[in-house]
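The chain below stands alone and is given in structure tokens; this is the form predicted alone.
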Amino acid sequence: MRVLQTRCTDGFRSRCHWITRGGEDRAAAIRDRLRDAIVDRRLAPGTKLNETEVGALFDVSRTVVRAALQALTYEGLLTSERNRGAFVASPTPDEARHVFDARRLIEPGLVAAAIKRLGPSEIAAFRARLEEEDHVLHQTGPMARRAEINASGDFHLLLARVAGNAIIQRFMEELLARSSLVIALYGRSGASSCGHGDHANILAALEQRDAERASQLLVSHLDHIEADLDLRTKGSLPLREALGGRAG
């Protein structure tokens, strides 16, 4: 998944200093592969990730696997339970709201920095992102929804890149990963489809160097995405009702 592919960063190395440089790179690659599978819901919330099984799949030691899993735990995509292991996170409704609260605090601040660095090549990159979104919106099939979420995230990550702050960019990568998991888990209709028009309007404001307008549009856009989430607390149905009547 394009938006979430990252290098082995200094922050990652600080969390896995006990393995070799080659081991760091292998751990980073495994982290990226697992992250993609989690965000795409190929690994469902609550799935246990066994160190031995993951190590066998990638032909690496448990030490390398443990570094990858700890990095994903740090990002909030896994939870670690004492004496039980690592599990794919299942964000609560409150945690989902906190993700979007954080984005509303951070992303408008990226606008002014991005406008200062916005040139022909950056505008062309944004337009390429919008073209990719438009292409994705016309896709059908089981992978279409995932592709929409990914394409939408790419626009926001590009804004962070253009802003030019490497630390915030890395944080945005983690925040967008959590957002993608939340949208995949709680999304109802098609916030990404609505978001395509929002993105075009945001880009127009950026090109006009109107930071206030772009920030307002960005916050409104995040509000639209969050409004599409079904964050109501739901109880479990009785078994008979859940199965639609008699099992036999």
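Small disclaimer: the values here were computed from a predicted structure and weren't measured. A residue's number is simply how far along the shown sequence it sits, counting from 1.
Note that the form predicted together with another copy of the chain isn't included here; everything after this is about it.
- Put simply, of Ala102, Ile115, Leu158, Leu137 only one has a heavy atom within 4.5 Å of another copy of the chain in the predicted complex, and it is Ala102.
- Only one of the listed residues (Ser61, Gln70, Thr47, Ser215) places a non-hydrogen atom within 4.5 angstroms of another copy of the chain in the predicted complex, and that residue is Gln70.
- A residue is said to contact a partner when one of its heavy atoms sits within 4.5 Å of a partner heavy atom; Ala125 fails this definition for another copy of the chain in the predicted complex, lying far away.
- The closest heavy atom approach of Glu24 to another copy of the chain in the predicted complex falls within 4.5 Å.
- At a distance threshold of 4.5 angstroms between non-hydrogen atoms, Ile168 is in contact with another copy of the chain in the predicted complex.
- Taking the partner from the other structure, another copy of the chain in the predicted complex has a heavy atom within 4.5 Å of a heavy atom of Glu75.
- Not one of Gly197, Arg209 and Arg232 places a heavy atom within 4.5 Å of another copy of the chain in the predicted complex.
- Residues of 26-62 include none with a non-hydrogen atom no more than 4.5 angstroms from another copy of the chain in the predicted complex.
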